[in-house]
Structures are given as structure tokens and as C-alpha cells.
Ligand SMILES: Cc1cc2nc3c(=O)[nH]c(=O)nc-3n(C[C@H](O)[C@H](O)[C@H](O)COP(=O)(O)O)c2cc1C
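In the form predicted alone, a lone chain appears below as C-alpha cells.
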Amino acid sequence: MQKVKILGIVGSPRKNGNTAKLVKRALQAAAGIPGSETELYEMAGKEFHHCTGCFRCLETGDCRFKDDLQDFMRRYMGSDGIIWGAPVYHMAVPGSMKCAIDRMGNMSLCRSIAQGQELPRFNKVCGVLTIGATRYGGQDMVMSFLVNSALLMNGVVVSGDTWLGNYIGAAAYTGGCAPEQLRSKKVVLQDTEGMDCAENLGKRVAEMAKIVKAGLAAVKDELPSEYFYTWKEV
């Protein structure tokens, strides 16, 4: 049986909030696929310094700032599938999540350049989900950003089943902008459509991760080494 690891990343600064519940539902579905192992990673409470564009990583292969990014990178690189989850913050992802993604991208590219190698084809199977205050409250903007980020990292993006409404990912909403709705950490559970879409997305990520991993193993001798890069500490 082909075994895969699926990492659910929660970009919300609110621990165990609505975004976490969406990601957890997706991970539960992923875990139902035989051979799938899941892990939840919440960025809440973590420290991610913003990228300063110093390009010190060109010299060392690692970021000059020693915070939670290094542990995050190990978890990301050790996974076969990624489920990205983020709430809508000013029509984009939260700042701390953007800081982590900026530095992850730069460090991955610059490490390859420093080692005189091509950028590895990480082939992480990725799915994205988000939650906004209203049904049409910027979710498309957040999902588009996360999809483009996954593609930039040589990811394989899946959307889930279109008939459910998963066009580029899964989206949910809190039901409105009333204070009690915005403050609640479990109001997303009332959005059964959004939760169903998250569940479907998680299943698809796990299924495709198994397909990609099995395919790589089947044609290993016919592919360049960039497909089989192993992330190592520097």
C-alpha cells in the first residue's frame, strides 16, 4: 500500500478557530483514505519574521532569522500533500502566513542556487480552503493567492469535485458581520456546505497524493533527480 503524509496548515492567528475547524474536517476526510497519515499545523502563536530581501540564504542555504520557519519547513518538506487554510484578512491571507510563505519560497530557491542545483520539483499535492465573513467576502482572492503560491513551489493543485462548488478550492463563511458571528470560533460549523466542500477537498488531496507518489515510484528511472530531492538541514 502506498503511504502518504498530509499536512494541514492553518494560517489563522486565532488558535483552534473557524479556519482550524475547516482544515480539521479536511484532514479527517484525508485520513479516511487507506495509507494516509495526517498532521495539523497551526501558525497561531508561532513567530515568523518578515522577509527583508537580504538574500543571506544565497550564501548559507538557510534564513538568517531563526524562528519557527525552520520547523515549519521540515514539516512541509516531509509531507506528500498539503492542505492550506486561511481566513480572509483584508482580501488576502493573514500577515504572519504571508511572512512564512515569502521566506519559504525565497529559502527554497536560494538554497538550490547556493548548491548549484535546479529548483527541486517538490510535487506536493495541494488543496486550498478559506473562510470569510460573508459568502462572497474575498474568498476567491485568498484561494487564488494560495493556488499561485502552490504552483510557484512546483505543487500539484487539486480543487475537489466541481459539482460541490469546489472550483479552485473550498470556501466557507461565518454567516455575516455581526459581532457574535465574527468573535465565535465555531460558527463555521453552521455552514454545512462549506464544511462538506472542505471534506471533499481533503479526500481529493489524499487520493491524488497517493497517485503522484505511486507514479513517481513507477517511472523513477526515467525522471531527472529534481523529482526526488530530499530536504536536509544546513
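One-based numbering along the sequence shown. Please read these numbers as outputs of a predicted model, since none were measured by experiment.
This protein has a second form, the form predicted together with this ligand, left out of what is shown; the following refers to that one.
> Could you work out which of Thr134, Ser144, Ser112, Asn154 is the residue within 4.5 angstroms of this ligand in the predicted bound form, going by heavy atoms?
Looking at Thr134, Ser144, Ser112, Asn154 one by one, just Thr134 meets the 4.5 Å heavy-atom criterion.
> Sort through Ala44, Leu182, Cys54, Ala31 and report the residue having a heavy atom within 4.5 Å of this ligand in the predicted bound form.
Result of the distance check: Leu182.
> Report yes if any heavy atom of Phe122 sits within 4.5 Å of a heavy atom of this ligand in the predicted bound form; otherwise report no.
Contact with this ligand, no.
> Give a yes or no for Asn166: in the predicted bound form, does one of its heavy atoms lie within 4.5 Å of a heavy atom belonging to this ligand?
Looking in the predicted bound form, residue contacts with this ligand do not include Asn166, since no heavy atom lies within 4.5 Å.
> Would you please decide whether Thr174 lies within 4.5 angstroms of this ligand in the predicted bound form, comparing each non-hydrogen atom pair?
Taking the distances in the predicted bound form, the answer for Thr174 is yes, it comes within 4.5 Å of this ligand.
> Does Val88 make contact with this ligand in the predicted bound form, using a 4.5 Å heavy atom cut-off?
Flag for Val88 set to yes.
> Report the stretch among 33 to 41, 174 to 182, 198 to 206, 60 to 68 that approaches this ligand in the predicted bound form to within 4.5 Å, counting heavy atoms only.
Only one stretch passes the 4.5 Å heavy-atom test: 174 to 182.
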